[in-house]
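To begin, one chain is listed below as structure tokens, in the form predicted alone.
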Amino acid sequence: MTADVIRFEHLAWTFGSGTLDAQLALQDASLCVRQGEVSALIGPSGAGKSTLVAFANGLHRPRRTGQALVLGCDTGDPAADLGALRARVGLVLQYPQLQLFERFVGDDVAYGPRQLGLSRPELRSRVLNAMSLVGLGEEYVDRRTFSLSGGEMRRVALAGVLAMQPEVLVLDEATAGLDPAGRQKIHELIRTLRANGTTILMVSNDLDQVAELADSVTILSQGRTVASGPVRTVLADREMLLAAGLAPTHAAAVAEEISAHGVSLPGDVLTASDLEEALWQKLRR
């Protein structure tokens, strides 16, 4: 049986706890990610997704309720070595400018692996390889970091995390702000990393992306986990999606529209390839 790499149970979180401005972000959130899989976390805006994934490398730690286990480390334990954990779990924030700080792109990507004491040739190799993976050529090394576009900064932040060669990669809206070619590049990267054994937790409101890439999915709504399971099972539940404030995939919506006009299609159509296959089978009959 595949091991759990991340297991969150009944987590709660309040920003500004104990103040007049206290804001409840999570009240009963659970999530499980198994080794080697791509797992997605979805939910409407304000559901608490970014707050929940911040538990993955100890940016948030359980307070009075719940448990967060990551690679066997109980992050709620005061003795937990969060430094060692963060070397194994890479987190790309929703707003990449928050984790960029070096003047030049190459220095920013190199910052993490430089702390590992790598030789200069190995450090350079890691930096250039990570940049190549996200579609940034060597000419970006000497570019000023904060002169980049939002999409370029997102890719630099991702490259800096990939340069650490993490066992677990957490992507918070990794394709936001990217053009179609940039999104496709990230999709290819996710597939490559998964094939190479990296465990991935991705936050996304793009259900088409989730249906194409993820093995499992968890739905968060108003700080609570409302569904979790295999992606094809969870995303096929249209009523549950609508109750959580989410729309079905485009392919599922098209299949439903076609069925409403008298051409019955299977209820498990989620992706464009599913729809193509269902129509082909219908025509063959």
Partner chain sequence: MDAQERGIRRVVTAGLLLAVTLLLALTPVGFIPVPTPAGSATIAHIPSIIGGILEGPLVGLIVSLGFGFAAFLSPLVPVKDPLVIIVPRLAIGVVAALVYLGLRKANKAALLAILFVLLAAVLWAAKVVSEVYLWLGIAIAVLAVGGVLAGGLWLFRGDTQVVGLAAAGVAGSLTNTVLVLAAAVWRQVAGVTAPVAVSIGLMQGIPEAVISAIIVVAVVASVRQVGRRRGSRL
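Positions refer to the first chain, counted from 1. Remember, it's a predicted structure, so these values are computed and weren't measured experimentally. For the two forms, the rigid core is made up of the largest set of C-alpha atoms that agree within 1.5 Å on superposition.
In what follows, reference is made to the form predicted together with the partner chain, a form of this protein that is not presented.
Heavy atoms within 4.5 Å of the partner chain in the model of the complex: does residue 102 have any?
Result yes; residue 102 sits at the interface with the partner chain in the model of the complex.
Would you classify residue 192 as touching the partner chain in the model of the complex, given a 4.5 Å non-hydrogen atom cut-off?
Result no; residue 192 lies far from the partner chain in the model of the complex.
Could you confirm whether residue 107 comes within 4.5 Å of the partner chain in the model of the complex, counting heavy atoms only?
Heavy-atom contact with the partner chain at 4.5 Å: present for residue 107.
Give a yes or no for residue 147: in the model of the complex, does one of its heavy atoms lie within 4.5 Å of a heavy atom belonging to the partner chain?
Residue 147: yes, in contact with the partner chain in the model of the complex.
Only one of 142, 188, 74, 179 gets a heavy atom within 4.5 Å of the partner chain in the model of the complex. Which one?
Only one listed residue qualifies here, and that residue is 142.
Among 203, 211, 169, 127, which has any heavy atom within 4.5 Å of the partner chain in the model of the complex?
Among 203, 211, 169, 127, a heavy atom within 4.5 Å of the partner chain in the model of the complex occurs only for 127.
Going by heavy atoms within 4.5 Å, which of 193-201, 179-187, 211-219, 116-124 lines up against the partner chain in the model of the complex?
Result for this chain: 116-124.
With both forms fitted on the core, give yes or no for whether the Cα of residue 184 moves by 2 angstroms or more between the shown form and the other one.
No; residue 184 is a residue whose C-alpha shifts by less than 2 Å between the shown form and the other one when the cores are overlaid.
Given a superposition on the rigid core, I'd like a yes or no on whether residue 115 shifts its C-alpha by 2 Å or more between the shown form and the other one.
Superposed on the core, residue 115 moves its C-alpha less than 2 Å between the shown form and the other one.
Establish whether a shift of 2 Å or more occurs at the C-alpha of residue 137 between the shown form and the other one, with the two forms superposed on the rigid core.
It does shift by 2 Å or more.
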